[in-house]
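Each of two forms of one protein chain follows alone as structure tokens, named structure 1 and structure 2.
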Structure 1
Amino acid sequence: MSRLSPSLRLGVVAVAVAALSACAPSAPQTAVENGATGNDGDNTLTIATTTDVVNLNPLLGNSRTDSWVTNLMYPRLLTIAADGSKEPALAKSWGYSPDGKTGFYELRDDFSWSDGKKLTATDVAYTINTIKTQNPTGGVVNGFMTSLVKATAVSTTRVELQLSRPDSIVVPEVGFWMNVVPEHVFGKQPKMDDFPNNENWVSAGPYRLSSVVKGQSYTLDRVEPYPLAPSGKPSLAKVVFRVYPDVNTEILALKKGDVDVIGNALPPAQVKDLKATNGIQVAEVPGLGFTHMTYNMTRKPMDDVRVRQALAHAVDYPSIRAVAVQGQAVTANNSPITDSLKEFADPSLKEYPYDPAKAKQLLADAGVSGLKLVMIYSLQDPVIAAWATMVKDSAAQAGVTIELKGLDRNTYLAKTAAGDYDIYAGSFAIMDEPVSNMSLQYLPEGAINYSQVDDPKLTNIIRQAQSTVDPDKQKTLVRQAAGYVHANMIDNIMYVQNLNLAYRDEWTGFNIKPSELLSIIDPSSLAVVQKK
């Protein structure tokens, strides 16, 4: 599924918000944690980010930094392995009834909230039902819940999901993408969309937010016990996120030792230099996502397939991968199911060749001339910023004028949520489940349907894939859907890129996860990382 990235976002999805300033952050504070001994400055991990927190309520659509902070506070039922498969976290087992109409999670019994209350199946059922019934603005998880009727805590450790029909994506995707929140705190709110969660935080993750300096820093303190840490104690006394205006400033701070980790992925051009820098390590994170451009199909003339195909032929993909991505990417063959998901990928789908003459002919066939379009992208995504001008220049060779609008992250998210663009350029950090990915991207109600597509034929194929439990049939349907997206250029999937993340080499024990959304600052990583 999607997820806002960089890019994951992976991640994950847009929220209409006012732009927040990215002020120069202050130096990390030194303090002694209650119950700990010594100087916490020696046991504090400082993480650089280029995005401020938009919302500390994890049930709402979040920016990248929101997810990093709230993931350390509110547990997920499942986590993910390097190959995209799901692994236990709060849930120790999960699955479906034989008829596929009831899903379940069996929980660990040793989690508690930081205020001392036990975390039980009631909290999980509350979180699921709140997302389903209130449909918090911008939330991605509700995109997996179309077949969900309700969740019920049938015991203190077992949650069952009543489904209106068999649906193969609900259990793994809700389990992975949803943060569980405490009912005794969140349940006091009459409307979840209005709850900013700006104080008195209660955590069941390894850390609890203790201080916020908007535009500068976010400080989290260790919570004990935390069952997923060795001996139940997270290794770090504190985690501090510091906000920087851009990735270059982050890199300077890392080299100077002002920060220990850069949370976001490195620009490809910086990887070689940092690998050669004394005191710094670079970790490669497997790429399960992709970078793409989508054409807003609700705006003329992008509702004409020939125009979208012309735009696809007006992109010089090999040059973008060689120059802007520094050779650190491979083609996605313009397919939403990339070779990263080998079991489902269709090898017959090939990349649209860069062909300005063919693009001009397709536009002429569509009766379009003098086409002028606006493309939005985030200035905080240095790779996309690097190739945006290349897209503009290659499109000009086909007679298409593209106005580039590089935006600060929060304005970009707001315009994305409002559908205020001709062309959207962005990335997804994790596309882990083919059927759920396409459900979110291409169903009319999909939370990341940035092409604004509403195509009955495509919807029917994806719905069939959702409802089948036959692996071979599902594989066939996924390939049909991917082929339809490719042929009709519903989404221009450009390349797949592995991500590189940098940190000071005096730290060890990072647990690498396959996306920028989790990267090396996932709870399972920060609960065990320590100085050498």
Structure 2
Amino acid sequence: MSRLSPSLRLGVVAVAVAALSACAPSAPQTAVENGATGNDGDNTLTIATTTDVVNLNPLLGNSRTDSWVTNLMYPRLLTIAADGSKEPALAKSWGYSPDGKTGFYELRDDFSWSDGKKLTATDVAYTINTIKTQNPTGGVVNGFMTSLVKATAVSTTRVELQLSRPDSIVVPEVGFWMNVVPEHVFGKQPKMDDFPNNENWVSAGPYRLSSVVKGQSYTLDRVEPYPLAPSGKPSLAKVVFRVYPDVNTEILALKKGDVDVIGNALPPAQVKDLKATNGIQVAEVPGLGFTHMTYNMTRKPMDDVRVRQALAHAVDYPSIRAVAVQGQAVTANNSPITDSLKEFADPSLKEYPYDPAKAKQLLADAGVSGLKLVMIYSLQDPVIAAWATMVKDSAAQAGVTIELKGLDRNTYLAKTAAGDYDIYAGSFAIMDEPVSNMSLQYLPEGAINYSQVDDPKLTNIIRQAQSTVDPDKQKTLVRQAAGYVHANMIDNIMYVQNLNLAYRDEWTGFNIKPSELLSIIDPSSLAVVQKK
């Protein structure tokens, strides 16, 4: 799927979290076994975050904390496993008609909204159709709906999606990324963009917002029954999100016992120290996205494949992973289909070796000398900010001068949208669907085409993959496209980072999900976590 722009990512992740929690029936059992000594769930779990809530409408693009909060209230149809595969959540099963032009979700029948109304296929169809027709600002789900005509509730538990053409993306991606909202509440609003959803919340998740102190804390209370919790009862009485100014104060608060979990991933350099700290546990969360640099192919001389290859050879990937990411990352082999997606990854693709001499030779072959480039990255991503200087230094060995522009988030997003950069550095939280991802990244009109690539050959391969429903043929095409991207250095995918989350060790039973958006505070985890 997508590589989301930062805000999108957050939203998406949050949504994913909700979905995850909603599904994953097996996790509760584990947690119950681990935490059977808990005092009947009369516990409050406090989660530290560094980002404040922007809005509480899950259909809009929003911040990470918004997503974490709304995921606990609005379920997803599907959840996701560490390898990107989809698992049931609110939907028991999903798929397509034989001709591929109708998709469907078969829902569980035991979900209710916190005001007592049943959650039915009507709510799901309403949510899908609203996103399709209104394309709420900042939301990512609409991007998967290009083939969707409309959704219809054909029974209380079955939703059918009428498609204009066979499309293997729409059902799994909408199922995972979309939070289902109550029609009887959201349906009263004429326009989603104008609906902040900041009071009288109605939840179908394990918890429901009860109080908001803007900029400080967000408190959610338990909702019963929640079908995916053991005996229908979420394990915590309350979940509190508390906003801190930065990760240093979060760590102090965790050590002191003011908070139980740090919601955002730890800076790599802090993992070792916290692992050795009494009373604190660190959970490793598998990465399902990647970190990359793209070279703006509309600008000379990056339109020359030799220059892009030279730049790829001028990056010391192993050192970046060892030092800046502290060994908490694995190579992506410069391929957009990383080993996280085992089924699709091509083992024959290898990382470009760090070789300044070869880089110099390639630049000389291309007739380029004294190359000076500007690299932009977001200051909100401390890991990229850390290795940006390493990229600059290693490029200097190859005679390339890179000027670093670490930007605040809004400027970064604006420059990204305008394509105003030579080199772009960023990361995607979840890249779960190869064809969908590559469509968004490498088709000329792709929403996250940060290489600015418009290559007819690559476009043709991706379009073929989009329109086929044969899994084997699709896999072949995906590998072919990934190989083309790799060989022509259209996107320099650097590594997949595994994240680390810290929590106090009196808690047990966390259910670990991939990415920072889901991690250990996904609903499936918070519905079952217990105090020892």
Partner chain sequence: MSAIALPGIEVDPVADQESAASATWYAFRRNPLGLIALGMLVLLTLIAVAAPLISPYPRGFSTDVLQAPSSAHFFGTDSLGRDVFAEVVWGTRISMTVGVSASALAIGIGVLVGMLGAYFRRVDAVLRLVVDLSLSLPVLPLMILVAAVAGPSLGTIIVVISFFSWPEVARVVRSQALSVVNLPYMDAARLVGGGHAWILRRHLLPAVAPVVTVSVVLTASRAVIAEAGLSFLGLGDPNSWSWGRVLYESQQAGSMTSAWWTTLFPSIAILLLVVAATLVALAYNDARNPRGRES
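Everything numeric here is computed off the predicted structure, so don't read it as measured data. Rigid core: the largest C-alpha set superposing within 1.5 Å between the two forms. FYI, numbering is relative to structure 1, first residue = 1.
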query	finding
Form predicted alone - structure 1 or 2	1
T298 C-alpha shift between the two structures of 2 Å or more, rigid core reference	yes
C-alpha of S168 off by 2 Å or more between the two structures on rigid core	no
Core-aligned C-alpha movement of N498 between the two structures, 2 Å or more	no
Once the two forms are fitted on their core, CA shift of N460 between the two structures in Å	4.4
C-alpha positional change at K372 between the two structures - rigid core reference, Å	8.3
